[in-house]
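A single chain, nothing else alongside it, follows as structure tokens in the form predicted on its own.
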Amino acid sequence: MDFRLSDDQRLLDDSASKYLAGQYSFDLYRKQLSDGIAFDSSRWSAMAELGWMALPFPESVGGFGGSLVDIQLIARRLGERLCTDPWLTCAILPGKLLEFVGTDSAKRLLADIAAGTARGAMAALETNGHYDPGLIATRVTESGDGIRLHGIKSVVFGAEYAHVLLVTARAQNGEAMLVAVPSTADGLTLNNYRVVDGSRASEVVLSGVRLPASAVLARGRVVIDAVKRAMDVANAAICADLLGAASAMLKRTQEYARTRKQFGVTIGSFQVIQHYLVDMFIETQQSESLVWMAGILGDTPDCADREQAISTAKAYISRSAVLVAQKSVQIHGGIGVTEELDIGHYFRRVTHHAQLFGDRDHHVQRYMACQQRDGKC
């Protein structure tokens, strides 16, 4: 398999790296944490001008027709910089959900997201669902030309910055539905909170939210299939984000080991430290291969090939990135977990992302289930 980047991808990677290096410092990250925010409108507009919102969507809705690897290139740089802007959760994830649903109303909303003029948030998981979007307790009551929504959606990332929530629910006959709920709708309550990596999430409470029938974007099996595929896209990006964070920790730890002295010599001269650094390097290199494999093999509507590629990468890097973080903290010692040093913040990020949209156990089980089905969905 050829993992080499094209000329356009190298330009994209280089521009993302340079933009974030100039616009998103560790000091800015810490300020956002203290202010309780994870979003900046001017930076969002700049990302849209760079084409990051339109990148992975079809040209028919104003996109550039980019690939899953293109998404991963940006996600890796976001992970390197500890960037908490909800690019993945307010643009890519809801946008891909709308793309995979494919109805006319979904495409119109997708065009606004691709242009950077609208932000969405996918509200598809619930308290007892355990990463399964098919377990839906939220209910839709239809009457005349309108609907009413009742239910609670858990851990909806970026909801407080979204203009529209893409809510999964079930009709009275059990049919799955995808509903576009404006963030200003009466009966909609967001309980917002910060998660461990500094990003923001919400519990979404739908208390008899009344909407026109046109708010229903799709019905039937296509809804669940589209959510699962969108979550796989998100997981491929998360794997790249984890790779970026792990690579940044390795680089910083190598620099620290070359400069920190004990007993009159640098700690990098100690054999145990050298072994730790080698272990971190090996884990990072192996993770990188799996990340790009997921980007190439996971960019397909074939659910069997996609699920196996994505789950292989996520299961491995969920363990690998955390291992790199643990050794990085151990080499740094006590300062590795202080607020003033970025290493502890990287540790939080990889801990969070390793659980996001499926932890290691979930993806191991999904891979095994796919194997038992002989690759059939």
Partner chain sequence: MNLEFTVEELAFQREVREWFTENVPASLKARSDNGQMPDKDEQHGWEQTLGKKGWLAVGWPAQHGGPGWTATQRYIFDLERARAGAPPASPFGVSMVGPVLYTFGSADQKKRHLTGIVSGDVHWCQGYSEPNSGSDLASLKTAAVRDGDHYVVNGQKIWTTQAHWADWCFCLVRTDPVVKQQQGISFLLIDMSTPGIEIRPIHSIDGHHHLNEVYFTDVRVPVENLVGSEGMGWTIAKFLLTHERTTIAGVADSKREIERLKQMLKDTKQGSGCRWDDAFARRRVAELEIDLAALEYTNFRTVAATEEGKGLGAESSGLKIKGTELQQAITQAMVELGGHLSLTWDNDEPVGNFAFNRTRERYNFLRAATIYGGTNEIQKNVIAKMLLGL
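Positions refer to the first chain, counted from 1. The model shown is predicted, which means the values in this text are computed figures rather than measured ones.
Quick note: we don't show the form predicted in complex with its partner chain, though the next part is all about it.
In the predicted complex, does L28 have a heavy atom within 4.5 Å of its partner chain?
L28: no, not in contact with its partner chain in the predicted complex.
Closest heavy atom of T184 to its partner chain in the predicted complex, within 4.5 Å or not?
Answer no; every heavy atom of T184 is more than 4.5 Å from its partner chain in the predicted complex.
Could you confirm whether V337 comes within 4.5 Å of its partner chain in the predicted complex, counting heavy atoms only?
Yes, contact at 4.5 Å.
Can you work out whether M368 and its partner chain are in contact in the predicted complex, taking contact to mean some heavy atom pair no more than 4.5 Å apart?
Although its partner chain is absent here, M368 would touch it in the predicted complex, with heavy atoms inside 4.5 Å.
Is its partner chain close enough to V196, M293 and F347 in the predicted complex that each of the three has a heavy atom within 4.5 Å of it?
Answer is yes for this spot.
In the predicted complex, which of the listed residues (A257, I147, A248, A118) lies with a heavy atom within 4.5 Å of its partner chain?
Of the listed residues, the single hit is A257.
Name the residue from V205, L135, V222, A213 that puts a heavy atom within 4.5 Å of its partner chain in the predicted complex.
Looking at V205, L135, V222, A213 one by one, just L135 meets the 4.5 Å heavy-atom criterion.
Picking from 268 to 276, 109 to 117, 165 to 173, 205 to 213, which part of the chain touches its partner chain in the predicted complex when contact means heavy atoms within 4.5 Å?
Correct option: 268 to 276.
Which residues in 344 to 363 have a heavy atom within 4.5 Å of its partner chain in the predicted complex?
Contacts from 344 to 363: G344, F347, R348, T351, H352, Q355, L356, D359, R360, D361.
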